[in-house]
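Listed next as structure tokens is one chain, alone, in the form predicted alone.
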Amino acid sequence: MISVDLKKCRRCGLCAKACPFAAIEIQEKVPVINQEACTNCGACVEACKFNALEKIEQQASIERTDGDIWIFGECDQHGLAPVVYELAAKANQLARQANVNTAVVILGNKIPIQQAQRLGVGKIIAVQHEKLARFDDRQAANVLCQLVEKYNPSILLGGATAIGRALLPRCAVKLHTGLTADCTELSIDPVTRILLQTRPAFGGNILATIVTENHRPQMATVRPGVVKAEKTTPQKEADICWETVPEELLDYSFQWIDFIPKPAETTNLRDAEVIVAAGYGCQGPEGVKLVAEFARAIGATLAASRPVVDAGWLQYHQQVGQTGTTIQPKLYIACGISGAIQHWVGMSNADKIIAINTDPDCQMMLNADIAIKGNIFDIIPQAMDCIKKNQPLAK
């Protein structure tokens, strides 16, 4: 939090002008800080020339290190969003490492209890109210934070989706704790039992592991597609806790006008079992066309690396990688893709990887299960000819 020393304050108003969140209001020439809106960024402290403001780090209570592991049960028009099943698989894995329980928190006007029972978590915490029919990030943050303060979980996870990215940062600010966004891996430190949160950093050039040592809950958003959802039948049903919250927490922060469904995409990379991806080694639209013909010939879904999309040869919804879609196919065939880490983090969970490239020392070739050295303009026509003749590809 930010404190003001009125003895040093000169009533100049520089702090209010410097605040990027409009959290400081000048009342009777005195700066008054709205602690709910304040993110503790310190911009006002740096702007004050008279050292009248001080940034005070609040230490959250961490008396309980054995609190439950929670996941936020994001919902769409079909019930629980697919990412929730992935979060549940990861939460259950972490809970076994930490020897704690798991819970899913679901907010809405209709709670998909039957779907939630298939997550394998120990508890379902549900808040059902007609005002929760539409997602409102401020409203949801008020409700979720009240539940966190009541139950005191040690970890809170959400999907790195549009909803998760809007909700969890608000909760982190209100709860005065840390948040690691877009994680690609989570684990429990066997000694400290702290959550190890791994995510790409510096443009994806390194993988950084981040910890929240002194604040609870430890919070992270997880990229959809980096964890495989468990398809098992729970041995017992989860306990259901129906919660109520004060009406004032349910006030809308905006006026809902209309809902326009997202048009169905012709390419659904996350559900594809076989993917053929075109890289910059295709050298242009003609090379991409060749890769697309190969994908159709083997019944695969066509994808692309970012340079191909940036060049306009394919569309964004076909992009695989850190800034595109994270996938888990049974087979991934990389055509002319070098394997930069920004791309690798999006497809490394493929069961099998085949790489075609002229550079045998590029990362994709080195990490592939099968590496084929050669130009795609030579290899792919040979492969397609062998498919037509039902023959193996010559070495």
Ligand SMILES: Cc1cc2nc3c(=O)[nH]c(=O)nc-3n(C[C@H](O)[C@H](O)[C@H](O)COP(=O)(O)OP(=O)(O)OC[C@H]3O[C@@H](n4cnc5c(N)ncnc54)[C@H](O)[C@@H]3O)c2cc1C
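Only a predicted model underlies this, so the values are computations on that prediction, with no experimental measurement involved. One rule holds for the numbers: they count along the sequence shown, beginning at 1.
Beyond what is shown, the protein has a form predicted together with this ligand; the following relates to that form.
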**Request:** Report yes if all three of Q128, S154 and Q218 come within 4.5 Å of this ligand in the model of the complex by some heavy atom, otherwise no.
**Result:** no
**Complete:** In contact with this ligand in the model of the complex (heavy atoms, 4.5 Å), from 171 to 179, 316 to 324, 131 to 139, 116 to 124, is stretch 316 to 324
**Asked** Within a 4.5 Å heavy atom cut-off, is P381 in contact with this ligand in the model of the complex?
**Response** no
**Prompt:** Even though this ligand is not shown here, does Q342 get within 4.5 Å of it in the model of the complex, heavy atoms only?
**Reply:** yes
**Asked** Heavy atom to heavy atom, is K90 within 4.5 Å of this ligand in the model of the complex?
**Response** no
**Request:** Mark Y280 yes when one of its heavy atoms lies within 4.5 Å of a heavy atom of this ligand in the model of the complex, and no otherwise.
**Result:** yes
**Request:** Can you tell me which bits of 356 to 379 touch this ligand in the model of the complex, meaning any heavy atom within 4.5 Å?
**Result:** I356, N357, T358, D359, C362, G374, N375, I376, F377
